[in-house]
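A single chain, nothing else alongside it, follows as structure tokens in the form predicted on its own.
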């Protein structure tokens, strides 16, 4: 039985950050994730590493968020971007609240390399974004940073692995118990081999997000969280070129952000007692967002909704107050006072805080292990972020479009050279597989070889395969062929990968299905059901290992 200093349960932004910090401090580290890296809550966020000004009543959190943005700019320069944001004001009462925000925001602007808040006339506002409501009386302009949450998580996991950590995906923790030697024994089901495995550790860090209470319950530890459901609508184009923040029908603030080649409209915030695994955006949530933003961007319904995404925020369990008043800070719960020494659990937190959360809990882990090792995760860059990249020179050198190289740079930084080098021996790998991004064949093969994806859906998180307007209509077959070639899949497994991937895409496409999206879905059905015959009832079905075990 393998023995570790620390086992981390959960492969989201916090879990991968903890794995990286522990590995960098020389701890023997194992991270277990029941699905893929970033496959749950963090994968349903807008990617904004907010300066925290939404939470002005908690100045310590605002200061912490602002500082974390500075650190992310240092360690993750290639996956971070600065977006301008407008808050159009349609009523005079908006001006007073905007003034309070502007004062607090501007105090911390210089440290993040952004300008102070500017108040713009209607004329200047419309020059910046012509699609906003021309009846506005003013707007507030400021800038915030965004990060690719999928790449952040995979880079943190890769860095942890390169520094000696074991990163195990598709491994679901099923049991935990204390041993006579004051260790914690962790049993998990390996969904790839359909085998049960046992490991032990001196400390277990529970970074299970919305499932953290269930994980703690495996050791009969009590952990209370306040689940809060958030849904986003994804549009088929960059409806606006700058971010828009506006009041919703109930006075909450919502946003419309340009995101890669699409736009994100969000988010709802509803207390939830649903199973986080089965969340679906309701018709009311979709209309709430559309109606709210329609006052500010009247043409919003002209864009096609290509899917929704939804997740559950594991807020700190503060009750009898509105969800908007619940702290967006975090807690690290040490279960030692309950007689379960060695178990540490997170509640609360946000994407921008993940590195800070990891530093806090790793300090506690080191203290329990009797080690005094300082944190350096805010200093040392993530893989690919060691230097800048000359996009124009690489595009000319490899005879590839500048746009394709820029997209590679935004995902991989300096490591894009390793991808392009594959094309020297295989120039045909310069071909575009996913035109929406674009993604070339060489990057898909590199991701399969170096970033441990097991499925097409895992590849989506690595390279944004199938996330654009066609939602995988034209790239799924080609990508499945590459995956089958690299992993040695059988013909039946090849077909099953396609079906699994299309089924996963359908989960997000079904809730908002309307208008032109119905026509788009008819195209998908025509290709995969009529031409490819993937709807045949006599088609051979080859179960996954975990399905055979059940």
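Given the structure is predicted, the values throughout are model-derived calculations rather than measurements. Numbering follows the first chain given and starts at 1.
Keep in mind that the form predicted together with a small molecule is not shown, yet the notes after this line are about it.
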### Query
Pick from 438, 311, 381, 122: which has a non-hydrogen atom within 4.5 Å of the small molecule in the predicted bound form?
311
### Heavy atom within 4.5 Å of the small molecule in the predicted bound form - residue from 27, 69, 32, 483
32
### Message
in the predicted bound form, does every one of 258, 413 and 447 come within 4.5 Å of the small molecule, counting any heavy atom?
### Response
no
## Note on the structure
Given 33-41, 56-64, 483-491, 503-511, the stretch touching the small molecule in the predicted bound form at heavy atoms within 4.5 Å is 33-41
### Query
Taking heavy atoms and a 4.5 Å cut-off, does residue 342 contact the small molecule in the predicted bound form?
no
### Query
For residue 172, is any heavy atom within 4.5 Å of the small molecule in the predicted bound form, or not?
yes
#### Entry: Contact flag, residue 351 vs the small molecule in the predicted bound form, heavy atom cut 4.5 Å
yes
### Message
My question is simply whether residue 22 lines the interface with the small molecule in the predicted bound form - judged by any non-hydrogen atom within 4.5 Å.
### Response
no
